[in-house]
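Only one chain is included here, represented as structure tokens and corresponding to the form predicted on its own.
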């Protein structure tokens, strides 16, 4: 496994439990979205996995290296960009990368070649000789991504990587992350509270809330685990007479919502209704999104907070 966590916990000196009994496995080459609101424990999790913080309980290994005892190896194989990271403003973009390349022990020729590659990929090549204080916010974020990738990490931790980027630059970054995972086998752990963004990019997800990991898996696996079936929305004037028989819900005066196990059930439902004389003006299968599922899982964990 690229990331293997067992019973991980982190409690600070003031008694605040930031992480509680977390178990997690992430395979190599996975785009994993660690999802949760601010304060959920995402940043603490990354700091523990990157060897910056020491866990209070449990263990974590990155490609077999213990984060608590093998920090040199961890920093060699991991790259990280936090949401609050900042480049050195008085250095140029190229000088920033040269500095960090040296800290990673890379030969100068390798740093120059790798810097050129990343600056081109992130559309910063023409600004390489410009002081960073003259960069836009989006350019600085892209430079930080280049800095995190400079030493060719096997695992990449990103905290809100597209924050401050315009749509075109965000798309560019997302395409690069996809290529890294698919082509180079880089494992990406993406921390974000933007659920729709994570759904568009990641293949696997973890729901982190109040320091606890509530669920992990692909979207399909999570839907199956929590038995959240798709819903068939039907519109027609006389469909209310079928609501009870089909186990559906009548709403909005002309709409009937029916839970179905999969899209393969839809033709049989429609044949039955039409055969019984129902008037169906519209039929639409509504799949649960990652956002729908996330809030459903959190609500189950904290029913009082959700108003139940």
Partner chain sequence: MAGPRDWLGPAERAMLIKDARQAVGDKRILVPMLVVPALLVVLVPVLMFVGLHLGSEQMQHSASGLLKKIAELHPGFGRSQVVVEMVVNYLYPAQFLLVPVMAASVMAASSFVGEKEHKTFESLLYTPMTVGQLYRAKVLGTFVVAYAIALVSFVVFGVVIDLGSYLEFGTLIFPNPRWLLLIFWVTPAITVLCIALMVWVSARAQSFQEAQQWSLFLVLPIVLSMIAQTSGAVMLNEWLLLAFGAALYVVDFLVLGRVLRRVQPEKLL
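Numbering follows the first chain given and starts at 1. Please read all numbers here as calculations on a predicted model, not as lab measurements.
Below, we turn to the form predicted in complex with its partner chain, even though it does not appear here.
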item: Segment assignment from 245-253, 46-54, 276-284, 61-69: heavy atom within 4.5 Å of its partner chain in the predicted complex; value: 46-54
item: Any non-hydrogen atom of residue 174 within 4.5 angstroms of its partner chain in the predicted complex; value: no
item: Contact label in the predicted complex: residue 210 to its partner chain, heavy atom within 4.5 Å; value: no
item: Partner contact for residue 104 in the predicted complex: its partner chain, 4.5 angstroms, heavy atom; value: yes
item: Contact of residue 80 with its partner chain in the predicted complex (heavy atom, 4.5 Å); value: yes
item: Listed residue (113, 224, 129, 86) with a non-hydrogen atom within 4.5 angstroms of its partner chain in the predicted complex; value: 86
item: Contacting member of 196, 120, 183, 133, with respect to its partner chain in the predicted complex [4.5 Å, heavy atom]; value: 133
item: Contacts with its partner chain in the predicted complex - residues in 93-113 whose heavy atoms fall within 4.5 Å; value: 95, 98, 99, 100, 102, 103, 104
